[in-house]
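Consider the single chain below, provided in structure tokens and representing the form predicted on its own.
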Amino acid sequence: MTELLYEDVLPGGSHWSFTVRRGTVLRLIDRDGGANVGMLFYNPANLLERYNAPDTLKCQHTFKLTSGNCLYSDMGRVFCSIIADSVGWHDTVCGNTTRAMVAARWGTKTYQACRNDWQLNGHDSFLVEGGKYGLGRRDLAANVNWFSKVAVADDGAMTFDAANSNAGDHVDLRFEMDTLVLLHTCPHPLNPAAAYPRAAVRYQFRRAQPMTDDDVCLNACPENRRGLENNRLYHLFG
């Protein structure tokens, strides 16, 4: 593990954004257990290039995200690779909470009435952070929900697994290109908790080790090798 460059804690029910440089590892740590981190990715040099959840799952023949998976853009490049994961299952099919969903499940708590105890939703959180970069409603795409698992029954019914992530669990993302990251710590849309969940997440930045021939993401499937080659071509002329 390389030197820790920066770390902080994002409280539950909050949002943030930043640009991660190529060659940086972002570690997300579920501080207390039961966290959910909604996340979207954009190319800061061309905001029309963004995370593509369907291609990410389809080309890697998977329904979940875990170690060895790459997160693809809609231009066939890799934003980041999952190089370590103590959880084993991260959701990228269920999307976000909305204001109406949060109000129906946990009631309405506005900032004007409740100050820091107000209840944010994932959709509005992405809009607030995206607005700082000129992104709006039409720019939102299907997002990742780190630390969250959804089981699917034979009839297609989906069930949220509240025991998927424990205190101290983590996932490491190695960024393969400069990436604008929008994130929030609002509840997963299928979370049935009786009270609005507020699970904090610690995040850390480190420099990435150079990719080696036995890299877990490079060798996970032929598609990843092609995606990372697309990155090499992009940076060759970038």
Partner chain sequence: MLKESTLAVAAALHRAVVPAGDYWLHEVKTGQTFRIVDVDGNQAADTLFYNAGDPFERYSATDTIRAQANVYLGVGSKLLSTDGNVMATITADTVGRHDTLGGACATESNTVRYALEKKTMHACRDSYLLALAEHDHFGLTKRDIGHNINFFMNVPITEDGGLTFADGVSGPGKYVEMVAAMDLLVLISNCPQLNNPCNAYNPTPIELLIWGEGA
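What you are looking at is a predicted structure, and each value in this text was computed from that prediction instead of being measured. Positions refer to the first chain, counted from 1.
Form predicted in complex with the partner chain: not shown, discussed below.
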| item | value |
| --- | --- |
| Candidate from Ala157, Ala104, Ala113, Ala163 lying within 4.5 Å of the partner chain in the predicted complex - any heavy atom | Ala157 |
| Contact residue in the predicted complex, chosen from Arg206, Arg50, His170, Arg198 - any heavy atom within 4.5 Å of the partner chain | Arg50 |
| Residue contact check: Phe147 to the partner chain in the predicted complex, 4.5 Å heavy atom | no |
| Heavy atom of Arg226 within 4.5 Å of the partner chain in the predicted complex | yes |
| Asp178 within 4.5 Å of the partner chain in the predicted complex, heavy atoms | no |
| Heavy atom of Gln119 within 4.5 Å of the partner chain in the predicted complex | no |
| All of Ala84, Val87 and Phe126 with a heavy atom within 4.5 Å of the partner chain in the predicted complex | no |
| Location of the partner chain contact in the predicted complex, chosen stretch of 23 to 31, 170 to 178, 207 to 215, 64 to 72 [non-hydrogen atom, 4.5 Å] | 64 to 72 |
| Members of 137 to 155 lying within 4.5 angstroms of the partner chain, judged by heavy atom, in the predicted complex | Arg137, Arg138, Asp139, Ala142, Val152, Ala153, Asp154, Asp155 |
